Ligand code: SAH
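First, one chain by itself: the form predicted alone, in structure tokens.
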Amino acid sequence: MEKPNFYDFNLSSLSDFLVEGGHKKFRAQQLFRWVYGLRVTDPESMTNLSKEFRKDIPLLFDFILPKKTSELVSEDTTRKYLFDMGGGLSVETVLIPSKGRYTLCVSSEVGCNLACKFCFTGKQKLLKRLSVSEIVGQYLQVRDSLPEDIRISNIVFMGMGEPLDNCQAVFPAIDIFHDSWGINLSRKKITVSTSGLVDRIPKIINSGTRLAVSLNGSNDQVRSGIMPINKKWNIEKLMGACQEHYRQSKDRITFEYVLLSGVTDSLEHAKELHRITRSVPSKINIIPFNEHPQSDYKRPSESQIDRFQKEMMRLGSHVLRRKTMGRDIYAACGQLNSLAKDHPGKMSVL
């Protein structure tokens, strides 16, 4: 029989698995401490475990992580990794440096079902929902490759795929990222982004993580034109879910808004965006469109980006411009795609 992968268990499911196999429940905490805290997977090095249990470990689990097949480094020191997920499939993962922290942008799927028109991943059909081990493995492989003085402080589910389209793996992975016996990150250092699967937003409340909503349209006509999910869950329903999220969690929501030249970047769009978001305690990240192959959209001029931001500020919105990182290696927001034919590795952004 095929052995389960250790990295597919959160602490609760590992405890249950061990107890069902006749082992003590506390062994799960010990194993988490060795594997995640100390990065030890050789049972013979787990010195506080009994000799009998150490002999059983290779019979119980495999310790398999996705293989890192390439790494690109941007001029701004952003790093993009390609991971082999088997069967000819792969995903991209991005490590983003900023003042005082490093953020890892992880993928949850190979491709995506939602087909947002401005997103390069959306042009890659959904081919696989990642397992817990394939999500957690992205973090571990990156962390293990970094110098000791670089620590990943934040995790964002903003890579390839729609996280709420893969709840069965995303939320157990979050448990491992947060668990004090595991990776031990604060839940407030973990952000889950969604394109608007309204019926699944309550799962983010239960997880205790931050919520980011990929809004990108200031009215239903525009949003439906670039994000097909809006035809099922329109802006009114989405804002209602966001209001309920804040009511229960008391966490401000981050709205992500991509500026597409001539499509979403007018001053009237700014006024509409302010109107639809003002009922939800939030901040708005405006994201100038990042070019990629096969796209019909263009990035607005710097002057237009500035006008849009200033109009939002004048209206009273809490608005920030997302700093573009890794654009030259196609690692910025909306540029990830692991299967595009002739996908270029780098471009000039001068």
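Don't overthink the numbering: it's just position in the shown sequence, from 1. Just so it is clear, the model here is predicted, and its values are computed rather than measured.
Keep in mind that the form predicted in complex with this ligand is missing from the display, and what follows is about it.
In summary, among the residues Ile174, Ile204, Val258, Leu273, the only one with a non-hydrogen atom within 4.5 Å of this ligand in the model of the complex is Val258. With the partner omitted here, the residue from Ser193, Thr78, Ser133, Ser90 that has a non-hydrogen atom within 4.5 angstroms of this ligand in the model of the complex is Ser193. Stretch 280-288 is the answer when you ask which of 42-50, 61-69, 280-288, 308-316 has residues with heavy atoms within 4.5 Å of this ligand in the model of the complex.
Taking the partner from elsewhere, Tyr139 is found to have every heavy atom lying beyond 4.5 Å of this ligand in the model of the complex. Interface residue remark: Cys119 is counted as part of the site for this ligand in the model of the complex, having a heavy atom within 4.5 Å. This ligand in the model of the complex is not approached by Asn230, whose heavy atoms all lie more than 4.5 angstroms from it. This ligand in the model of the complex is not approached by Gly217, whose heavy atoms all lie more than 4.5 angstroms from it. Residues from 148-164 that approach this ligand in the model of the complex with a non-hydrogen atom closer than or equal to 4.5 Å are Phe157, Met158, Gly159, Gly161, Glu162, Pro163, in the order they occur in the chain.
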